[in-house]
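One chain follows as structure tokens, the form predicted alone.
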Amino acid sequence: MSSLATARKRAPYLRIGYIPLADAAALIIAVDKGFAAEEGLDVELVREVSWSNVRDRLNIGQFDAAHLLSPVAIASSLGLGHVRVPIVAPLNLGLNGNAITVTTALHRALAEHSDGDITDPKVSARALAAVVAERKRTGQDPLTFGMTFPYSMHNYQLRFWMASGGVDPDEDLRLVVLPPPFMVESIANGHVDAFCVGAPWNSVAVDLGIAHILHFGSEIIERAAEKVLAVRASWASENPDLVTKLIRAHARAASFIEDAANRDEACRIIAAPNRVGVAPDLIRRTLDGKLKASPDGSVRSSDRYLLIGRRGAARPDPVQAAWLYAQMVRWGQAPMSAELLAEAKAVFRPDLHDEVLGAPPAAPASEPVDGVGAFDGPAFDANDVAAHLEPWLIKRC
């Protein structure tokens, strides 16, 4: 009998789907550094290309768990856009990590139409509105923005930013769905003028000299629940010990990644050809929060560009689930309902996380009081979605 077969007799064998993105880092480290094995788990990471594949394979049981877009976990639980399969998220795999990247031509146009510094999202949103208006006047085609999935933080960050400047994302330009690994090729071929995607694909486009990073996602939303470790609710109920082991393995992996002494090794592991498949330097920039923003080599930094373990990032927060549900309502993906809001919040399970790792310390003063930290609009109240949506002029509800 092979050593692999022997190992699988000894330990529960789990298949976990993921997309090659930097915020799969803790999953990759948990497996490749042996933290999952030390918890008695035999985990196979299965690399996928699209979020619909990950969702579907999780829902039908081909995956035991998945690196999944947080809004997809909610949408699946509410039966939005697909069959209803209740999902629970015992931990976040990453807060933030996205960026809005634009072609050199669009970057130039935004700068020409700005009334200030376009690194300020309020300024850039107004500049986008001016560019959109000019293109309409001159008979040019609408701008095309790529995002990864209709139920994604990428979609909601783009829409939130655009609408704050008076741009209607459904009427004034085109939003198209592209798998993350195809974003760079799409901008290189002129199929899109911009995209919002997770690391490292924004940096790849900048390194090719064809694009500029306009905004880090954390400049739009300070604590954006980007990816979760998702499991079917039925599976979690049937396998509480396995959920516990996954949480512990993730905690060790996140601590390993966040320790600067391990950073070089972590980047090599995450960047490997059979994992994310990019140069380790691209992963290093992401984890350090120091990204080359323009082809001229200018660098922008943020200590919250991607949060994996620090600042309580791994603990799922129902407030963030409520904010995501509010965006689904705002853009016509879900009806307004107190029952659906409660179901959305119930997808994020801090109780499961805390049972294993203990209650968290108080949030540091640097974190947004409302748990979200949007760059525009009033503070978010997770118990009053209607009040959050009422002031916005551009919406579908």
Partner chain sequence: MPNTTSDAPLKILVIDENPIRRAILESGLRDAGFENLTVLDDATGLLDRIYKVDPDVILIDLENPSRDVLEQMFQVSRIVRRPIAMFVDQSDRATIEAAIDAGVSAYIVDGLKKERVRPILEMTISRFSAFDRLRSELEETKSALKERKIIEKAKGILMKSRGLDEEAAYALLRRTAMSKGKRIVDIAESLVSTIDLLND
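Positions refer to the first chain, counted from 1. It should be emphasised that the depicted structure is a prediction, and the values quoted were computed from it without experimental measurement.
Same protein, other form: the form predicted in complex with its partner chain, not shown, and the subject of what follows.
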Residue 279 near its partner chain in the model of the complex, any heavy atom under 4.5 Å? no
With the partner left out of view, is residue 124 within 4.5 angstroms of its partner chain in the model of the complex by any non-hydrogen atom? no
Are any of the heavy atoms in residue 345 no more than 4.5 Å from a heavy atom of its partner chain in the model of the complex? no
Report whether the minimum heavy atom distance between residue 149 and its partner chain in the model of the complex is within 4.5 Å. yes
Go through 81, 318, 166, 312 and name the one with a heavy atom inside 4.5 Å of its partner chain in the model of the complex. 81
Residue among 236, 175, 213, 129 with a heavy atom within 4.5 Å of its partner chain in the model of the complex: 175
Select, from the options 355 to 363, 44 to 52, 29 to 37, 368 to 376, the stretch whose residues sit within 4.5 angstroms of its partner chain in the model of the complex by heavy atom distance. 44 to 52
Going by heavy atoms, what in 286 to 323 lies within 4.5 angstroms of its partner chain in the model of the complex? none
